[in-house]
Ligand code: HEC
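Quick setup: one chain, the form predicted alone, written in structure tokens, and binding and motion questions come after.
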């Protein structure tokens, strides 16, 4: 009887231990948020994409908001018939393409932004760590912000398939994505058409930002990335639609049906 009791106790303890290990493993994996949301380029820095963040930080995309300030990019402004001495940092037409996720969930909010209760909700800007106030990762790599698919990336430690992140809004139609701003008909820089084939390899030259500390984050040498490159995502075959908008009472409003993600239907809009 005593031996039987001990055996039962050992079995129960083993079961409890195994359940505990399983729970800890599940706890280590973060839950994917229910809705897509912009989180900012700073979230991609650190333990995942540091050399790419550093390259972006020193690129024109990483300084796009700065060009809206008085006296900055004077020649480009004159060419676009804009006042080079005017402050455009709160101009909705400019913010759409010079910041990340403007007028979308979690996106950039300019100085003076307040919620319904009158509380200041303006995006905090850190000169040392640029994020939503510039044209960040999510403007090129996501349809509605990377809040969801970045969790998939972290949970899988980068070992994911294209469709596993694409269903949460990661986009792979890069050339088409550039048209969101560079070749958009509403851009005041209409004559400055982008030659994607010419610039695609020069956008973020990350190689010179690889150090001993972040060398393990060089995803170009990662076999997972090479394997993914052999497959085609849906957005590569059928690109997503490009946003259109109007400015009404100093507010930017997207034209119905032109956003790549329909938050009411919780679905993506592809070009027909």
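Positions refer to the first chain, counted from 1. Remember, it's a predicted structure, so these values are computed and weren't measured experimentally.
What comes next is about the form predicted together with heme C (HEC), which does not appear here.
* Is residue 139 close enough to touch heme C (HEC) in the predicted bound form, meaning at least one heavy atom pair within 4.5 Å? -> The answer is yes: residue 139 has a heavy atom within 4.5 Å of heme C (HEC).
* Would you check, heavy atoms only and a 4.5 Å threshold, whether residue 187 touches heme C (HEC) in the predicted bound form? => Although heme C (HEC) is absent here, residue 187 would touch it in the predicted bound form, with heavy atoms inside 4.5 Å.
* **Exercise: residue 44 in contact with heme C (HEC) in the predicted bound form, heavy atom 4.5 Å** => Yes, residue 44 is a contact residue.
* Asked: With the partner left out of view, is residue 68 within 4.5 angstroms of heme C (HEC) in the predicted bound form by any non-hydrogen atom?
  -> Answer yes; at least one heavy atom of residue 68 falls within 4.5 Å of heme C (HEC) in the predicted bound form.
* Among 53, 82 and 200, does every residue place a heavy atom within 4.5 Å of heme C (HEC) in the predicted bound form? -> Looking in the predicted bound form, the three residues 53, 82 and 200 all sit within 4.5 Å of heme C (HEC) (heavy atoms).
* **Among 102 to 110, 144 to 152, 69 to 77, 117 to 125, the region lying within 4.5 Å of heme C (HEC) in the predicted bound form by heavy atom distance** => Checking each option against the 4.5 Å cut-off leaves 69 to 77.
* Could you list which residues of 159 to 198 come within 4.5 Å of heme C (HEC) in the predicted bound form, counting heavy atoms only? => Residues within 4.5 Å: 172, 174, 177, 178, 180, 181, 182, 184, 186, 187, 188, 189, 194, 196.
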